[in-house]
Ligand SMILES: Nc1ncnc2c1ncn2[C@@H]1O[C@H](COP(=O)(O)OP(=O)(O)OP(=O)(O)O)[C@@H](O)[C@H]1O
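There is one chain below, alone, in structure tokens, taken in the form predicted alone.
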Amino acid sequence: MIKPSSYKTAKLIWYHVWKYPKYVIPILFIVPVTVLVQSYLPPLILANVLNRLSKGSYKPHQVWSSFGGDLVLYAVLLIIGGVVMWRIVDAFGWTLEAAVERNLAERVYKHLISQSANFHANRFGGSLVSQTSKLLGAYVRIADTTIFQVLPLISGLIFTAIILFSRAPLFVVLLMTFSLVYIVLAIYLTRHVRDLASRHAQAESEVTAYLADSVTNVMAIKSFSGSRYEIEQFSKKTNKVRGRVYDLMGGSRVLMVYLSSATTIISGLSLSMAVIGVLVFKADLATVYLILSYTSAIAALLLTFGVQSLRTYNRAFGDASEMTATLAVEPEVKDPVHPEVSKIKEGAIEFRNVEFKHEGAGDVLFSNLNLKIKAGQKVGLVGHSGSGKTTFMRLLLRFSDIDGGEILIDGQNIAHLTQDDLRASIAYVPQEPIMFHRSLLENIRYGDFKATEKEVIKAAKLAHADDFINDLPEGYETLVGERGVKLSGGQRQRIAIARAMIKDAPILVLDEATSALDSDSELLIQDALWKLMEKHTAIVIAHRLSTIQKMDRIVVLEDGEVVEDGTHRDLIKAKGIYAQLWAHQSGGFIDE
């Protein structure tokens, strides 16, 4: 009756909840005691008073001496149960919820960070954020519903059975049977509502994802006059959500009719049983009162469970289903169970018999690829689009795993290291560097979290970023906007280069690192890069061949194979692919 996704969500939540038994156990103990003190002992006292009144077991005109103790105890129980003890439950509940919310958020964050580049390339960031928010909100709703609605229902059924069984055993059997059937049927009947809730949550995630995608690409929308089109598409998404809400509302209304009718029947049966108890079984007034009082309380709890609790559960489990599924996705690239200590110091690189094929691709890209780069050597990678240059970088950084062979750095297989240890030895500047929505100081310092402000400024000067940073109103404390949107392409690349400089890793990887710079800026930064490369192994991808002609070696890739390897002068003399690319350049770029 419970969907697999709901079971997995419940298992996930319980795993994190049970990390805090010092909060869970008191809640499981205090809630039933509170329910007993507030809702079941006071009626028992009143029943005793009514019984004595009906039998005349009191002193006439002496109300206080006859019933004073009962009335005081009645009031005390209501105050303790209704005011004091529920506040204690609140305190434990809030503390537990805060701890579990934190743990869930940290688990989701760690999981998403551990996923491969392919995982994030195939998903909207906005959708993942929405899924995370829904999971955390779902946990809070599930916890509140369980503590304040479901536990009181279970406690109420138990206390009713214990108190009334000796007085009206047949009634207890009938009430417990009816209640159990009601609960099972309510859960069964809400299957359809659970499905509708999951569809509604998925539709909401689609809206969030589309919104995030549009905001990220708002300049493209404006540039291509796409506002009207995007508004129409977004309207389709929101209309889909509205339709899902109507479906969910309709299913919930039908369910409420069934459940409300059932609880009405319970109340009617309790009155009938009370009358029969008096007429047939000669039950006393106290028993009749308790039957009516407890049945009324149970009926209210059952109705709340069927209409409100299950609805909350359905919405919550529906909201949490997507992130629960996401958390079940195993990372494509995993750290070894027993990683080796990194011994990378010099930066000698070797691709040995490497095999690799892109997921979903028909042909193998790298087949028995062999390439050695000596420590401290400067190598340029050249080739047409699709030749394997960027993939070579991704494999070296272990953004993807190879299908065969091995990649060695200083003789150590990179698959035997943790990803963080490997990448700590490589300074990487991508073609399109992305900035955090943080200050420029923080963005540069990301290369070395321990770097001083003086070291950050020194790196910025070497990358020729210091001048434009100082022209900004807040200088190094300037926030760059989401993904660095406040900076030009060239400014972002200078910050990325400064970040790589401050990292000072044994290996430097530049993937079109100067492509967004004008010729004058590139000449300035080239000097800084050459100074940086003097002490490191460097691999540079560049379409602008003038930037790599002074490299120690130039490796030409074609369809995943090394087809040429030598200095600029040697390759020009060889009159092969590199010579053709050089000859076909226009304005310093490869004509593809």
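Numbering starts at 1 and runs along the sequence shown. Keep in mind that what you see is a predicted model, and the values were worked out from it rather than measured.
Heads up, the form predicted together with this ligand isn't pictured, but that's what we're talking about next.
Stretch-level contact analysis of 466 to 474, 138 to 146, 499 to 507, 389 to 397 against this ligand in the model of the complex, using heavy atoms and a 4.5 Å limit, identifies 389 to 397. Contact with this ligand in the model of the complex, judged by any heavy atom within 4.5 Å, is made by just one of Gln431, Ser488, Gln233, Ser439: Gln431. This chain is displayed alone, yet in the model of the complex one of Thr177, Ser166, Thr452, Ser385 has a heavy atom within 4.5 Å of this ligand; that residue is Ser385.
Not one of Lys11, Arg199 and Ala203 is positioned with any heavy atom within 4.5 Å of this ligand in the model of the complex. When contacts are judged by a 4.5 Å heavy atom cut-off, His543 counts as touching this ligand in the model of the complex. Contact between Leu365 and this ligand in the model of the complex is found at the 4.5 Å heavy atom cutoff. Mapping the unseen interface onto this chain, Glu359 counts among the residues with a heavy atom inside 4.5 Å of this ligand in the model of the complex. Taking non-hydrogen atoms only, Asn118 approaches this ligand to within 4.5 angstroms in the model of the complex.
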